[in-house]
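Coming up is one lone chain in structure tokens, specifically the form predicted on its own.
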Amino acid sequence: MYNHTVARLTYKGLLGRRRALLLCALPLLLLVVAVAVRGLTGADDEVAKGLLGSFAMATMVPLIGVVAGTGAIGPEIDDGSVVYLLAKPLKRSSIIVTKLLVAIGVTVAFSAIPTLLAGYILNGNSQQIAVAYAVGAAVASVAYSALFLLLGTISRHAVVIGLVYALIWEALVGSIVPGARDLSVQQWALSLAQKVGDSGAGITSEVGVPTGVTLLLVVTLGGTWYAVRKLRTLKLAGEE
């Protein structure tokens, strides 16, 4: 299912100069803030949870997911260059799965790893806070990549829609409105972070682990399946 040529082209597109700057900006900001906060307040579990929860999980991870997920295929569909890829003897499922794996790799690298580093900077992983939030960021990266890759196949306004979702639903509504939290990728991922953290870590989620894992799988597998289906509907010139 994994195609090295498709992967190479996707990495090249995602890590071009402009997108690379976007991908690096938020992780760099997180690390700079973490260093500054540690210097000013010292190691503090509550400060660490506040920064990793409100900035890393609620803002950075979904925004990087938007850039990586939509950027993995959206631009090719928008400018029509995807027809050259579809003209090759490749299964549409192989194209989607490969692009999804690339998007996941990029999102994890630019979100979960900086989250882990920031956690260690802030409190040295007291009560496994750094690892717990890194695990949450990693599993959220998978779901966001599938969700935004799907969005890139069905809408020419995928980036705008993704930004609205990331900034309004996940960062704002999903963080403060109790009923909406149940439908938040962030909260599903936090259920695993809560499980990884010690009982005293104080990481909380609005859903239990079984529910969180189930919903993450539904979004990831369902989004991937529907993206494959949508790609199959794209017809090349001359096709009946």
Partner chain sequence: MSPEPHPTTSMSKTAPPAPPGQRGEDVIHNIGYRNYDGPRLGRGYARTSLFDQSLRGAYGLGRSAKSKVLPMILFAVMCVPAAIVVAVAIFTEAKQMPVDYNSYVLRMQPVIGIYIAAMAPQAVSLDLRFRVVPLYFSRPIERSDYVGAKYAALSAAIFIFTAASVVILYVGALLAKLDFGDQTKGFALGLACCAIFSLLHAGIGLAVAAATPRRGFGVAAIIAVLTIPYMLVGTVQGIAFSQDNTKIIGWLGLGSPGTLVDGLQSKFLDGQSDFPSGQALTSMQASLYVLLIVVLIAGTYGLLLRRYRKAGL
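What you are looking at is a predicted structure, and each value in this text was computed from that prediction instead of being measured. Positions refer to the first chain, counted from 1.
Below, we turn to the form predicted together with its partner chain, even though it does not appear here.
Residues placing heavy atoms within 4.5 Å of its partner chain in the model of the complex fall in a single listed stretch, namely 165-173, out of 88-96, 165-173, 135-143, 112-120.
For the options I203, V185, V67, M57, the residue carrying a heavy atom within 4.5 angstroms of its partner chain in the model of the complex is V67.
Scanning V47, V207, L192, L215 against its partner chain in the model of the complex with a 4.5 Å heavy atom cut-off leaves one residue, V47.
Each of L40, L51 and H157 places at least one heavy atom within 4.5 Å of its partner chain in the model of the complex. Although the partner is absent here, R18 lies within 4.5 Å of its partner chain in the model of the complex, judged by heavy atoms.
In the model of the complex, its partner chain lies within 4.5 Å of some heavy atom of L22. Among heavy atoms of L29, some come within 4.5 Å of its partner chain in the model of the complex.
Using a 4.5 angstroms threshold between heavy atoms, G105 stays clear of its partner chain in the model of the complex.
For the stretch 120-139, the set of residues having any non-hydrogen atom within 4.5 angstroms of its partner chain in the model of the complex is empty.
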